[in-house]
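To begin, one chain is listed below as structure tokens, in the form predicted alone.
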Amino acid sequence: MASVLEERREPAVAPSLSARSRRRSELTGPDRALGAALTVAGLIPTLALAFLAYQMVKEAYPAIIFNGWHFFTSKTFTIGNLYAPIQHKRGYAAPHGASYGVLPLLVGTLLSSVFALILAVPVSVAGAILLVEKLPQRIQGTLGIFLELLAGIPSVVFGLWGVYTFGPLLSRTVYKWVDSLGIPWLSGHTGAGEGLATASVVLAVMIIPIIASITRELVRSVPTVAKEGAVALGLTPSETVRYVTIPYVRTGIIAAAVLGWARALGETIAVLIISGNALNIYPHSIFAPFSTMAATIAAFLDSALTDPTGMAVHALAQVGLVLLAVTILTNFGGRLLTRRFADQALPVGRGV
């Protein structure tokens, strides 16, 4: 019986293999050149990322040895006294009193980006659905243009707007009211608006165009038949959005949110202007000054270049390496979530 099954399987496999080899032999020179060009183009992003990671590790290696695990537990980031005698540690030299700790910077980076994402995703998804489902076509085009223009504004403009206009406005109105509630971690408002809250709101404004523009195209791709079928089953417009539109595009929404989160994680100039640039403390409230890894690199680069030992530059490279690792892990986490939700079927017809 087994031999009969093997004889039946062989004719099904052999023609497929011969067909593949025949197709390869029939490829002309231009086809092969096009295939090779596409292969190289597909490998370029991977090779670029690998080269970037290699260079970052190479540049950060002295700091990795010098700092050890202290780099992830220390709350202090300072290049030390450049005029005092040089200290040696683990075979590497550094200015006297130099201490490189990334923990407050890592906490500030994650907090500001997560708060920005929490603010941006509901606004982006709701705005995209409103733009596609409710507004006339003529208004959709006009608002779409403004949405794309918002995505093209330089980050330094957002930073100046936040520190000179938006932050003081929030400080005089919303922040005073929130502070009067006396809720832990939502009190302690001082200053003219710089700090974690304003930076998170500005980051949310910066990533809203990214998430909203992708979500708008996803909502447009929802089949009209599915929405009409939901209406025929008796669903209201809001229920159609809830049970048909959002489940249909949720995988893409997660991917768009990951892209926006990556932008918030790596934002530099705007955060540097608004954050208050507090390097060595944790944000004790939503209004406290803080700093991020990207903003610290931008703020310390000029001073680090004056370090005769070069350890400050190596330490900044180590900060950049951590930021690169966080960004890559974020993208991989987004891919896992996307695959998990992509396996779930559309719930129309299942107890709606």
Partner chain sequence: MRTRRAVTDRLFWGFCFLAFALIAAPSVSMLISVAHQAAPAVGWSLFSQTTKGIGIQNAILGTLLLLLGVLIVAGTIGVAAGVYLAEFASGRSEKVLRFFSEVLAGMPSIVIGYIGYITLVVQFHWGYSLLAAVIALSVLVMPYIVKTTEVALRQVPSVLREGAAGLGMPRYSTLGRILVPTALPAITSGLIVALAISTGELAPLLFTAGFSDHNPRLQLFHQQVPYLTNVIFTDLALPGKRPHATSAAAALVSLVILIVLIVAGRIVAGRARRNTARMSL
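Numbering follows the first chain given and starts at 1. None of the values given here were measured: they were computed from a predicted structure.
The same protein also exists as the form predicted together with its partner chain; that form is not shown, yet it is the one meant from here on.
Trainee: Using heavy atoms only and a 4.5 Å cut-off, decide whether all three of G80, A93 and A192 touch its partner chain in the predicted complex.
Mentor: No, the candidate spot makes no contact with its partner chain.
Trainee: Pick the stretch from 72-80, 99-107, 85-93, 203-211 whose residues have a heavy atom within 4.5 Å of its partner chain in the predicted complex.
Mentor: Only one stretch passes the 4.5 Å heavy-atom test: 203-211.
Trainee: Counting only non-hydrogen atoms and a 4.5 angstroms cut-off, does L336 reach its partner chain in the predicted complex?
Mentor: Judged by the heavy-atom cut-off of 4.5 Å, L336 is well away from its partner chain in the predicted complex.
Trainee: Would you check, heavy atoms only and a 4.5 Å threshold, whether A317 touches its partner chain in the predicted complex?
Mentor: Heavy-atom contact with its partner chain at 4.5 Å: present for A317.
Trainee: Taking its partner chain as it sits in the predicted complex, is S275 near enough to touch it, meaning that at least one heavy atom pair lies within 4.5 angstroms?
Mentor: No, S275 is distant from the partner.
Trainee: With a cut-off of 4.5 Å between heavy atoms, is S124 one of the residues that contacts its partner chain in the predicted complex?
Mentor: Answer yes; at least one heavy atom of S124 falls within 4.5 Å of its partner chain in the predicted complex.
Trainee: Of the options L147, I281, L111, A255, which one has a non-hydrogen atom that comes within 4.5 Å of its partner chain in the predicted complex?
Mentor: Going through each option in turn, the one that passes is L147.
Trainee: Of 230-261, which residues get within 4.5 Å of its partner chain in the predicted complex if you count heavy atoms?
Mentor: The stretch touches the partner through G234, L235, T236, P237, S238, E239, V241.
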